[in-house]
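The chain below stands alone and is given in structure tokens; this is the form predicted alone.
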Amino acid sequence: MTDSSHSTAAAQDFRDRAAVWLRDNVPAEWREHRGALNEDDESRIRSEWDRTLFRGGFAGISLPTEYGGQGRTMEDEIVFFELAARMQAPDGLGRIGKILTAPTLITLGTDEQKAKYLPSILSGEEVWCQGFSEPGAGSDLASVATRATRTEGGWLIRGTKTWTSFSRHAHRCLMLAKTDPDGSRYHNLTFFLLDMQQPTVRVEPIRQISDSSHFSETHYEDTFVPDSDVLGEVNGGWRVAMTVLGNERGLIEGIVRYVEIRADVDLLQTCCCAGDPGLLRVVSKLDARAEVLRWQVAKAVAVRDDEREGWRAASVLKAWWSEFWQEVTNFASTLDCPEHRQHWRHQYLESRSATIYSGTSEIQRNVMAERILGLPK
């Protein structure tokens, strides 16, 4: 057997094994009622799913084995997410740890930081949140005002972050703070791995229009971070932040969002519009576009080793999936499907913020215009 045929056979074996495992393990409670669950039940199922993935050997599929991953290819990771989408699997509560923290630690973390944090991220034991946006610094990330002041053995963090997803459940936070008040822009920030389980951290959930509270305003009142939890160099936090944002807006986030959109389009096809040929013609176009999104992710994977082309292919994903998800839920919200009316109401309201968080669509288009097309600022 040639190396190529062996690789193809191994990939097919992985696909077959993953499909069987997902069929047997995706919780029926989520698949059948995901749009009607209260927030506590939703969080419980998502947390349990993280642990189920780990026990099944499907956590960190493309991460190196020395860090607790499966050591498989990114293509296998994409295959698993595609299958998970078809099976309507939940998105784990540990998503930020897996798609933002883990790859950033592998790229920039010390050996001690990797050994300390990666196992608990992959096992689902620790949930992470991201402390970037502030009341006065959203899209302009370099303007963060949260301060980190030197103290014996580390730093004291004081300030407020907002729109902090999963902070109510989080054990740790990826924190960007100003460490040199007199330093020049982009060279006065430091990146921290902050312990959220301290009495100096105060979390105020923000009630969303969908009636969920997935994010919060989080206050830090001289919260301690030891020197060992500085990620990268002091005053070198901008480089780390750009690595995090590259992961946030890139491949894994794109395929995670495809999982959500694919499940919604499948629900439209198999239930809500199944008896109406006119509606099905509309859904067939949405279905094709969902697969174009998957294709774009696959393209970005194929060219990921080419720094320029990989970045170009991945950079369009955030604007694409966020606007497309809104289009899907806009259409679904006009249907009169009594069985899924509550689900579509929830999805419609949830999708409203998709074009704002992780960088607004306007910001995304500016980035593409300047860095891909080379247009003047």
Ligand SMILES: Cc1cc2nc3c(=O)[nH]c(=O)nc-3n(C[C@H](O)[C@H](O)[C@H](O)COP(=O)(O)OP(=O)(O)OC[C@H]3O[C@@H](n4cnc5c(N)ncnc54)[C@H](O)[C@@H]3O)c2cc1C
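Quick note: we count residues from 1 along the sequence shown, nothing fancier. The model shown is predicted, which means the values in this text are computed figures rather than measured ones.
Here the subject shifts to the form predicted in complex with the ligand, a form of this protein not shown in this document.
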query: 4.5 angstroms heavy atom contact with the ligand in the model of the complex for residue 165; finding: yes
query: Residue 92 within 4.5 Å of the ligand in the model of the complex, heavy atoms; finding: no
query: The ligand contact at residue 215 in the model of the complex, heavy atom, 4.5 Å; finding: yes
query: Interface membership of residue 132, the ligand in the model of the complex, 4.5 Å heavy atom rule; finding: yes
query: Which of 274-282, 156-164, 182-190, 295-303 lines the interface with the ligand in the model of the complex (heavy atom within 4.5 Å); finding: 156-164
query: The ligand: the contacting residue among 19, 11, 368, 356 in the model of the complex [heavy atom, 4.5 Å]; finding: 356
query: In the model of the complex, the one of 118, 83, 225, 96 near the ligand [non-hydrogen atom within 4.5 angstroms]; finding: 96
